[in-house]
Each structure stands twice: as structure tokens, then as C-alpha cells.
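What follows is one chain in C-alpha cells, specifically the form predicted alone.
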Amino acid sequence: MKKFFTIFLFSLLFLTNISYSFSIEPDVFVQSTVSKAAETLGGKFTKEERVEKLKKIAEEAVDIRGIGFYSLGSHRKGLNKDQLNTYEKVFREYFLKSFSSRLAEYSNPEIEVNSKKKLNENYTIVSSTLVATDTRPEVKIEWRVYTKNPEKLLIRDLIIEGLSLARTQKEEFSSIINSNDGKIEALIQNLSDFSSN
């Protein structure tokens, strides 16, 4: 799972570094920002500077709130407002730390966008390839782009070699909750511990 999540985080870096104030096609959105990613991973920044820049990229490009709620699955229905607010805050901190800390050490990868498929008015799948190197095989990546607001595209999921990372995370969160008598507090503590380390 860590391998796939790292690729997920690695890939999301390419999704923004530009403020879009106009409608743009999902495939153009992905491809046109690839060169911008090099400014963060390939630039002469300290690790701390890279971390902060990567967090900003994630906040602009990813629907963190939506992914967090999806990851709760049916458990979300049993939460009160305070529990939901606490979870949302903790998940955001968890996601941003995961994203930034794991990517800060990487150099710039090359992603090629191959095609797009509009599923409906709200979603488009963009197919791409993480180009192989001497040390890394080619990886097929599909981006689930939320397109309800064409002026603010957001990422809801990545499918890495057929594996939905959002669904995998949902299953892991459910396992943590179920193994602790259905208590959301166990998941919140788990995410908090990660963020504070």
C-alpha cells in the first residue's frame, strides 16, 4: 500500500501550481502543469521550503475534504457534528503531511497524458503514464477529475495500475474502526499520531 500511496502523492504534485480562473479541459489541466512541478522538486529549495510548497499544491489541486469523507464510508452516518469536524481537521493534517513529507525527497518524474474519457458532467478520467527509468518501471495512472466546476478542477482519486487508492484507503480506515468496536476515536487517534510524529 505504501508503494501505491507514494505514487499517488508523487503524481498529485503535477496537478497544480497555477491558479486557474478559466475553464480548462482535464487532460490539459494535468499535462500543462507538469513543467511547473519541476520548480518545486527540481528547484534549489530547502526540504522545509519544498514541504510548504507541496502542501500548497495539494490544497489547491486535491479535494481533501471529499476524499476524507469518502474514506469514512458508511461510518460517516453515525458521527455527530463535533466528531465529523474533528475528523475533517485531523484528516487534512494527515493528508498534507503524507503528501509533503514523502515527496520532498524526490526529483522530478515524467508523466505523459495519453487520453481522457468523460464519465458524466461531474467526472472525467484522464489516462497517463509515469515514464519508466533505469530504476523504475512504467506505471499506468488514471486520474479521476471532479469537473462540476470547470473553473476549479479537483482530484478525487487516482487509479494506479487498476487499483483505486481512495477505495483502498476507505477499506483501511474501515478496518481500523471495526477492529476498535466501531469507534471513530480510534481512527482519529491513529491519524493524529501519524501527523504528530
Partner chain sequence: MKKIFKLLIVALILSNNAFAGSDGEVELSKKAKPVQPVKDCFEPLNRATFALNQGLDKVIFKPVAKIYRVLPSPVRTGTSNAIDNLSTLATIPNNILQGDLKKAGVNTGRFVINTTFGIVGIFDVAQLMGFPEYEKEDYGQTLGALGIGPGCYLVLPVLGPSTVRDTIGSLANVVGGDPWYNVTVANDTQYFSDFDYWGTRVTAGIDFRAKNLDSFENLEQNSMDFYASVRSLYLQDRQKKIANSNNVTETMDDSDWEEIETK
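Positions refer to the first chain, counted from 1. None of these values were measured; they are calculated from a predicted model.
Not pictured, yet referred to below: the form predicted in complex with the partner chain.
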item: In the predicted bound form, the one of Ile125, Val113, Leu84, Val90 near the partner chain [non-hydrogen atom within 4.5 angstroms]; value: Ile125
item: Non-hydrogen atom contact Leu79 with the partner chain in the predicted bound form at 4.5 angstroms; value: no
item: 4.5 angstroms heavy atom contact with the partner chain in the predicted bound form for Leu163; value: yes
item: Residue contact check: Tyr70 to the partner chain in the predicted bound form, 4.5 Å heavy atom; value: yes
item: Residue contact check: Ser175 to the partner chain in the predicted bound form, 4.5 Å heavy atom; value: yes
item: Candidate spot Ile159, Lys170 and Leu191, all three touching the partner chain in the predicted bound form (heavy atom, 4.5 Å); value: yes
item: Residues of stretch 140 to 159 in contact with the partner chain in the predicted bound form (4.5 Å, non-hydrogen atom); value: Lys140, Glu142, Arg144, Tyr146, Lys148, Leu154, Arg156, Asp157, Ile159
